[in-house]
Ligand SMILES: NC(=O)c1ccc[n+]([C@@H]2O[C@H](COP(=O)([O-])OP(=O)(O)OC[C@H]3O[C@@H](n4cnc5c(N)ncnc54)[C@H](O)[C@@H]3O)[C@@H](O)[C@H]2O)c1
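The data below hold one chain only, encoded as structure tokens and taken in the form predicted alone.
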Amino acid sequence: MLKVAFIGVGKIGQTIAYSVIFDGLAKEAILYDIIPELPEKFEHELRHAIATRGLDTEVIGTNSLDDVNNADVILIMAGKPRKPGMSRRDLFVDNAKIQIDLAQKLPPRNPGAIYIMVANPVDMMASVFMRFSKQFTISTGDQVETMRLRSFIAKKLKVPVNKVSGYVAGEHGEDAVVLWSTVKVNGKPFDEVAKGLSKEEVENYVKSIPGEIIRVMGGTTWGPATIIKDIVRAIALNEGRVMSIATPRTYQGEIVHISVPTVVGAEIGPSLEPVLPQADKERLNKAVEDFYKVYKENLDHLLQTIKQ
């Protein structure tokens, strides 16, 4: 069991914290937010729920980053949420400033921690945080898209979801890339069992369903929270599970985060990129190139606003 810090306990942060704690993964949970009383009152809620389950988890709610110390894993949800009609990239400058502040304050108190970025645009925020903190950071990346892919195929083909495998990679969001070479149903390639389900329909679902959920429900919470909990679980239990998370790489001198199926355990890696077919590698390379172009433009603008 780990000491886990949750930075930002709004709607998604609360759901992630609940999922992690009630999966028995945290010996101690630190709940941090800047909103007065919110972490404290959420702590009470969790303690009430913990009491009925009899879990041995200590929970601390705080408005002070001084209380976030010696954590093994730090999940960062702090930032403005995505609203209907917004792209994840629209959030860049405002949320990047928050990440820079956290990047300066968290590492001195949390040596050796693994940082998991959740705030959107998640891959770019991971890159910003790692650039300014110099600490190893991963993004939850396309593991959410990967589960959306599997669930949709299972529903459409009327098969158990555990009979569907496959990964989504690239940048989290509308520019994600389905690695069709990895998609199998009952061990058979997708093309052999599609039964009228087109790749275009699957890709459209994966990329459009978050916006539809946000439009109707105000945000995506339960799906992402459970999936993000599984990333923590893979680390805590050293599962060595292959997950499509975004890990850092250097491209034209900048740290960038792009999702690739990667072994996740107490250590992160290796990735499966070297064994992917050339066509998938080329699509990933294009995803890195496209990510870098937009990220660099946003980063340059951010650095200019900081100087002013």
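All residue numbers refer to positions in the sequence shown, first residue = 1. This structure is a prediction, so every number in the text was calculated from the model and none was measured.
Quick note: we don't show the form predicted together with this ligand, though the next part is all about it.
Comparing 154-162, 186-194, 127-135, 219-227 against this ligand in the predicted bound form, the single stretch with non-hydrogen atoms within 4.5 angstroms of it is 219-227. Between the options V275, A266, I34, A279, the residue in contact with this ligand in the predicted bound form by a heavy atom within 4.5 angstroms is I34. A single residue from the set R109, K199, K80, R215 has any heavy atom within 4.5 angstroms of this ligand in the predicted bound form; that residue is K80. Among heavy atoms of I98, some come within 4.5 Å of this ligand in the predicted bound form. Contact annotation: I7 falls within 4.5 Å of this ligand in the predicted bound form, judged by heavy atom distances. Residue contact check for V206: none of its heavy atoms lie within 4.5 Å of this ligand in the predicted bound form. Contact check for A169: no non-hydrogen atom falls within 4.5 Å of this ligand in the predicted bound form. Contacts with this ligand in the predicted bound form, taken as any heavy atom within 4.5 Å, map within 116-152 to V118, A119, N120, V122, T140, V144.
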